[in-house]
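Take a look at this one chain, the form predicted alone, written out in structure tokens.
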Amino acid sequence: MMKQYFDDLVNGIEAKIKEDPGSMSPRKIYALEVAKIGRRLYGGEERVAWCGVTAPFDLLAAMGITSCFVEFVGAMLASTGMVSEFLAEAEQAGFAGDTCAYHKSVLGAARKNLMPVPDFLIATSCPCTGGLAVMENLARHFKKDLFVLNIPQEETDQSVQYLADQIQDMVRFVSNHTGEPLSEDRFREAIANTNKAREIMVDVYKMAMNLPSPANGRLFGNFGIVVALLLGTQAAVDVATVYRDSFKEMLKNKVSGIPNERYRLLWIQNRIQFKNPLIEILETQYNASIISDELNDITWDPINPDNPYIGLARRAISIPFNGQGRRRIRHLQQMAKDYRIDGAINPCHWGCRQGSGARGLVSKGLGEIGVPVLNLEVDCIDSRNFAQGQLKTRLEAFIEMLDNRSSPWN
């Protein structure tokens, strides 16, 4: 099922671009490259590793591994509208109803033999222990070896070296399973691609800060976390370049992401992965534009190709979800200032410490700089309890509140 889904997605996008080259939008190119990852995962022809969110995907690409964090599959299952049966399968197997549905859907899919059998698994302790637990379950289910990267919560020279040593151990683990050593030339090429994509994305995010912004609720949805899967490849550079060139052209011609941008919103943590009208309502009824997601940011320095493991370690530790909550709050506050945000939307994803667990801290932290937060009690994967009418009313009340207050950046 999923193989056919990704095949159809790739073929459909490529056919549209061939039929109308002018339709080659940044989002379409990005979606095409992401769909190609899915097709490789399910193609049965490449070595596959299921991973945690902060795994070094560029290093794995240099080793000839098609890798992906498991939550990506949960999001894809939700987008197809068929996730409910996989959630039900996991629940019937005894996984709690309040378990994160990203993880629960993947476990259900594995039990129904709809997850490709990996060659091995690489878990990461960040951003959540739930992600680590699901990797342990998948390793037992597939009877495959699991390597765990323990991501330190604080960045010190000692902690960075500790993680860098683990990443080198991971390289040996992968080589033992593939029978092939890491090619230094391919590794250098991957790091060069990563650094180039990073450089371009810094420009892209800066352009998105313009008033009005060239970004909108669809262009950047889930972008920062998913584009990491392309790092180390030419595709990452190509996707970043398309966004940069498009934004440059829009700014040159004074075209905004949505017409008559009125409110600038920040989306916190996860997008709602199944079809829903909330973005369209915000943009068409209220001229409110979601100009960035929380993880649409570069938090790491260029990686030194002569000492890459240190750079890879610092990058993993730098993710805003890592460490103490106040670190994440400072990051959100800085984003709000940089993008001149009027308000933030926080889907408090059920069963998630980053979503529901941190809602009070997020609201308080952004409130300190005058940015109100709309907390939505939703499951970003499971549409079975999606109260559309109630959420629409909440959006209306939030916009009305924004109408009656001054921007914190005036």
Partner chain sequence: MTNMKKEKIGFTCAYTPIAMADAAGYIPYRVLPVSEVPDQAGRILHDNLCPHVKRVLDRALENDLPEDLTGMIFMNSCDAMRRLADAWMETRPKDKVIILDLPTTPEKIDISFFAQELSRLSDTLAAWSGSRITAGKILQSIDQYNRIADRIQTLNSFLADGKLKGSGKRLQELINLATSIPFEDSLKLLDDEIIKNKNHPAEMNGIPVFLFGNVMPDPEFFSLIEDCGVQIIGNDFCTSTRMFSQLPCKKEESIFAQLSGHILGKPPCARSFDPSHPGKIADDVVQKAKSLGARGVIGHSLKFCDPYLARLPMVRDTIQGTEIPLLLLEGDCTLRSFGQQKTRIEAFAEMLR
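This structure is a prediction, so every number in the text was calculated from the model and none was measured. Numbering follows the first chain given and starts at 1.
The same protein also has a form predicted in complex with its partner chain, omitted here; what follows describes it.
- Contact with its partner chain in the model of the complex, judged by any heavy atom within 4.5 Å, is made by just one of Pro212, Pro152, Pro118, Gly311: Pro152.
- Gln324 is the sole member of Gln324, Asn304, Asn260, Thr284 with a non-hydrogen atom lying within 4.5 angstroms of its partner chain in the model of the complex.
- Looking at Glu280, you'd find every heavy atom of it more than 4.5 angstroms from its partner chain in the model of the complex.
- Not displayed here, its partner chain is approached by Gly351 to within 4.5 Å at the level of heavy atoms in the model of the complex.
- Although the partner is absent from this view, Asn137 contacts its partner chain in the model of the complex, with a non-hydrogen atom inside 4.5 angstroms.
- Looking at Ala358, you'd find a heavy atom of it within 4.5 angstroms of its partner chain in the model of the complex.
- Remark: all three candidate residues (Phe95, Leu132 and Tyr162) come within 4.5 Å of its partner chain in the model of the complex, counting heavy atoms only.
- Here the chain stands alone, but in the model of the complex its contact with its partner chain, taken as any heavy atom within 4.5 Å, falls in 342-350 among 34-42, 342-350, 49-57, 381-389.
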